[in-house]
Every structure is written in C-alpha cells, then in structure tokens.
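One chain is shown next in structure tokens, namely the form predicted alone.
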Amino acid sequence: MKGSRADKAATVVFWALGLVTIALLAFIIIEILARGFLTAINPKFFLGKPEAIKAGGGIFPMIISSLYLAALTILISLPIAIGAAIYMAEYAKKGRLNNFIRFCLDSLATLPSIVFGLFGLALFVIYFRWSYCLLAGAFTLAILNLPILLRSTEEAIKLVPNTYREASMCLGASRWTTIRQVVIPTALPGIMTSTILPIGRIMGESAAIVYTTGLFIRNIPISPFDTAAPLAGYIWYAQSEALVPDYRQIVNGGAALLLIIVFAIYFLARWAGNRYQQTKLLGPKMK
C-alpha cells in the first residue's frame, strides 16, 4: 500500500511539473506572437531594408544574415562533431583521455556565451584581422555549440543496436566500412534531430555575435567575410541603441518572426528525419 501511494504521489508531482513547464512555454510563445505577429507577417516589414533614423524599415537583410550564419556554423561544426562522436562512441576506451575529453566538453558547455564572444573578438576579429564578418561569427558559434552537438551525435550513434555492427562484420566488412555504411546511415535521423537545438541556439544567440558579426546593415551579405547583422543581435540593437521611433514595433515583430523561423526549421528537420527513417524502413519491403 505504501508503494502504491508513493507511486501515485510521484505521478501527480511529475504530471504537475510537466504541465507547469508546458504552461510557461505556451505563455512565452503566445505573448511573443500576440505582440508582434501582425508586424512579422507584413511583407513590407520582413522583405524591406532597415532604416537608421526614420520609421518604417524592414529586416530582410537580418533574416538572410541569420540563415547564412546558421548554415556556415553547421557546415563548420557538424563534420567535427560527427568525427569526434565516432571516435568517442566506436573507438575510445574508458580511461584518462576519455574522461579528460568529456571534462573539456562539459566545461565548454557551461561557459557563458559572452565569453565565447570575447574570445571570437580577440582571435578572429583582431588577431586574424577578419574584422566583423559572418565567418568570425560562424567559427565562434561553432565552438559554442560544439559540445552540445557532439554529445547529441554521440548518443545517436550509441543508440544503433550492436547487432547491426555484428551482422556487418560477420559478412566480412571492416570496422570502418561498418561505421560508414551501417552505423552512420542508421543514426542519421538522430543526428539530424541533434542539429535542431544548436540551430535554434544559433538563431537566437546575441551575446556572441555582437562582438563578431555586426549589428546593423542595409544590404544582404554575400561573402562570408561581409559584415552581417543576425536578427537576434539586431533586436538587441533596436531595443537598446537604435534611433528609429518605431523601435518597439521592430523588436516585437523581429522576435515573433525569429520564433516562427525557428519553429519552421525545427519542424522541417523533424519531418526530414522521419521521412528518411520511413524511406529506410519501407524501401527494402517495397523492393
């Protein structure tokens, strides 16, 4: 009887905590969309160029800057994360080296983003003389998101059943061939899902990009060495330093549009992962 009561009490507590979390998330989403949704869906706003002084400017260069920055960051960090995750999951043995690598990853994951921003400013902007540009911001955010991306990718690889590896090696495949043709394709949906969180953090990061990419532009960046103004950084700039009289409308509309973009990327990545998994499962049966 005591065990049954404790189980019921724990169930009630965890359900309550889950509902509180969902309620807080729903409140944040509804509040942001209620304040800026009408502005965000205005074509003049999300397709127009920003204004430095007068009202009525848009944020299209900032949207392109955010997407460009996210693509560059993932292009830099994902190959490193996959390679390191393969080593950690398939080759590394338990010992001091393995523990040291995990300690370094955990330490990087706990550092404030402002520290990465100052590091990117000192290394990429000043020492390498890249000035404020997309590439400096991409390398900074790649370092910032590497621990999360690496650990998530490692867990996705570990979830592949060992029977897959054993079956492949029994057929004469080498260890690397097994990893390349069996393990990675099987873990690909999980790897795609693990990139969602870093992409969301890249799109919403402002502290690191303020010191590396820029805050205000009027033209769309083309080269990775062009100055850019990602949307999150521009929202901070409009709120704190902008001279335009409609800065509040820009902040609310930009925040709502940023939320919509992140949700769109999230659902697109989940759809692509599920689609790939269904294709892998149904493909052999259809043949």
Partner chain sequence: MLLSVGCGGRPETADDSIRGEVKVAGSTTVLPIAQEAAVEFMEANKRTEVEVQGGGSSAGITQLKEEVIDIANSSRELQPGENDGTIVDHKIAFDIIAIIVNPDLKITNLSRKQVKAIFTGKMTNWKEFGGPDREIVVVIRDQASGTREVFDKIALGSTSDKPVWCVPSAIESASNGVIREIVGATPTAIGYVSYGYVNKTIRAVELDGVSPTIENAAEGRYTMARFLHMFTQGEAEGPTRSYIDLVLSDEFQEEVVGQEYIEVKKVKRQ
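All values reported here derive from a predicted model rather than from experimental measurement. Positions refer to the first chain, counted from 1.
This next part talks about the form predicted in complex with the partner chain, which is not shown.
Put simply, of Met192, Leu215, Leu72, Ile199 only one has a heavy atom within 4.5 Å of the partner chain in the model of the complex, and it is Leu215. Interface membership of Ser240, defined by any non-hydrogen atom within 4.5 Å of the partner chain in the model of the complex, is confirmed. Although the partner is absent here, Lys54 lies within 4.5 Å of the partner chain in the model of the complex, judged by heavy atoms.
Contact annotation: Phe45 falls outside 4.5 Å of the partner chain in the model of the complex, judged by heavy atom distances. Although the partner is absent here, Tyr68 is not a contact residue: none of its heavy atoms lies within 4.5 angstroms of the partner chain in the model of the complex. Residues of 119-152 placing a heavy atom within 4.5 Å of the partner chain in the model of the complex, in sequence order: Ser131, Tyr132.
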